[in-house]
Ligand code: NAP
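Quick heads-up: it's one chain on its own, the form predicted on its own, in structure tokens.
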């Protein structure tokens, strides 16, 4: 009898009837990504290439899990002998409240982008910060510690993890931007001890939280090297750029944590302004490699994963 292919994406209903849903598969699915939306995710092709290369007999799949389904979906993972999962929008913050243990990366960020299972316990980590560092190094050949950084969307999941990583690296300057200014200000209070020492010449503060409006951004951008979009803006082709082209200058490096088959509005804006721009594909690669290393306690075959993404 011919074995059937893995489904494009699975649902909570499939997890409830997992044996039936996966009865005819060649290799068991024991890893995946939970998200809503999730059809765009390139994690399966990257992780499945790594599993095949390392001769690990399992598969990684997409799971379309809505916000109100997360608790149930995580419950099923405990019973189904999964190795772990990645988490993307909108689950990173919610999952933090629903795991059994969190490591230091997850605790700092208050968000989880990967879970590993040990004895039916859900242990959460966050590889976004370290993945971001490695992506900046590979895209722009510079270290975050030498940069003045603006993070747009610093109030939640990815932005929170990136801001913490910038602080831990002792970057030159950090500007936190968020629609809800109170969230950015609360994060700035947490990070203030990292910025007590003087590094930047001149009168500008090393750490600031500012509202997401053009006047505030304009006032900051002459003292910023790297602009990071950590919001979901750009996941839909019709989304506007989170920052106007007219505010960008050739000296800026622009990193959009969103990735897709075509350039996001922000990366196009960087091109128009003569700035250097990069999307989130390299961050996906590096945080995916870190996830693989945590799941299997071995180095990830990063060149194989990179080739699969391309």
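Numbering follows the first chain given and starts at 1. Since the structure is predicted, the reported quantities are computational estimates derived from the model, not experimental observations.
A second form of this protein, the form predicted in complex with this ligand, is not displayed here; the remarks below concern that form.
Novice: Only one of these stretches, 90-98, 140-148, 186-194, 214-222, has heavy atoms within 4.5 Å of this ligand in the model of the complex; which one is it?
Specialist: Of the options, only 90-98 has residues within 4.5 Å of the partner.
Novice: With this ligand left out of view, which of 77, 210, 168, 233 would have a heavy atom within 4.5 Å of it in the model of the complex?
Specialist: By the 4.5 Å heavy-atom cutoff, the listed residue in contact is 233.
Novice: Is residue 283 close enough to touch this ligand in the model of the complex, meaning at least one heavy atom pair within 4.5 Å?
Specialist: Residue 283: yes, in contact with this ligand in the model of the complex.
Novice: Can you work out whether residue 179 and this ligand are in contact in the model of the complex, taking contact to mean some heavy atom pair no more than 4.5 Å apart?
Specialist: Answer yes; at least one heavy atom of residue 179 falls within 4.5 Å of this ligand in the model of the complex.
Novice: How about residue 84 - does it come within 4.5 Å of this ligand in the model of the complex, if we only consider non-hydrogen atoms?
Specialist: Outside the cut-off, so no.
Novice: So in the model of the complex, is this ligand close enough to residue 257 to count as touching (4.5 Å, heavy atoms)?
Specialist: Residue-level check for residue 257: yes, a contact with this ligand.
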